[in-house]
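Before any questions on binding or motion, here is one chain by itself as structure tokens, the form predicted on its own.
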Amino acid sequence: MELRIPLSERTSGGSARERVYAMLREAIVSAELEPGRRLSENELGERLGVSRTPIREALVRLRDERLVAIAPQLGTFVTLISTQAVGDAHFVREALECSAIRLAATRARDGDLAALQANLAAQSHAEADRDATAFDGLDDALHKTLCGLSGHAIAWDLSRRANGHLDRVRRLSLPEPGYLGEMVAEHRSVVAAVAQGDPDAAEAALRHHLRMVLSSLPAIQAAHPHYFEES
């Protein structure tokens, strides 16, 4: 895992703090920093080329997202995936994004729809190449754009902040055979409903899509039992 931050960002204050947080969050969500792993501020600081201060700040943010646990006298650990936290994240995401897409369906213009179609085309290429990393970025970009079209971009920010455990399960699902194809098809249904200006259809398509991750949870838990908290 390449965690080194460019010198220009390390000396720019705020951007370095954000980059440290983003890189550590990505490493946890992708399981490169696997569940249960003990984290050392000194080791992470050396690998990232930063002081302990931005590392500590990032870990506090990640603790608030329930992605790390900070135990006095014991250390800091990547949390195991909690099915309760997955359910909580899904509840928040569905509530926010389904409300947002109803507005997006009434506000999207030709240029917005063209951008959504371009994203879908790129998703199809990523699926054909079996490039889960590229697909993941495009997936996030699509949902962020749809939230933005509602006029309430904060919906995406709040959803993402709550989504840590759900994102971990989603990332584990991406390599599953046929999963990327299903995701692309569901995204196309969501965008088609938005293009038709139909809030009810857009909400229904998105709600069905968001529940795909929950439906895959038992299989993912069975495949990676050591990543999950005991029920």
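Note that the structure is a prediction, hence the values are computed from the model and not measured. Residues carry their position along the shown sequence, with the first being 1.
The form predicted in complex with the DNA is left out here; the points below concern that form.
Though the DNA is absent from this view, in the predicted bound form it lies within 4.5 Å of a heavy atom of just one residue from 26, 186, 41, 176, which is 41.
Think of it this way: in the predicted bound form, the DNA has a heavy atom of just one of 159, 76, 123, 79 within 4.5 Å, and the residue is 76. Relative to the DNA in the predicted bound form, residues 87, 211 and 214 are all farther than 4.5 Å at every heavy atom. At least one heavy atom of residue 17 is located within 4.5 Å of the DNA in the predicted bound form. The closest non-hydrogen atom of residue 37 lies beyond 4.5 Å of the DNA in the predicted bound form.
With a 4.5 Å cutoff on heavy atoms, residue 50 counts as touching the DNA in the predicted bound form.
Shown alone here, residue 66 lies farther than 4.5 Å from the DNA in the predicted bound form, counting heavy atoms only. Stretch 68 to 76 is the answer when you ask which of 68 to 76, 92 to 100, 132 to 140, 107 to 115 has residues with heavy atoms within 4.5 Å of the DNA in the predicted bound form.
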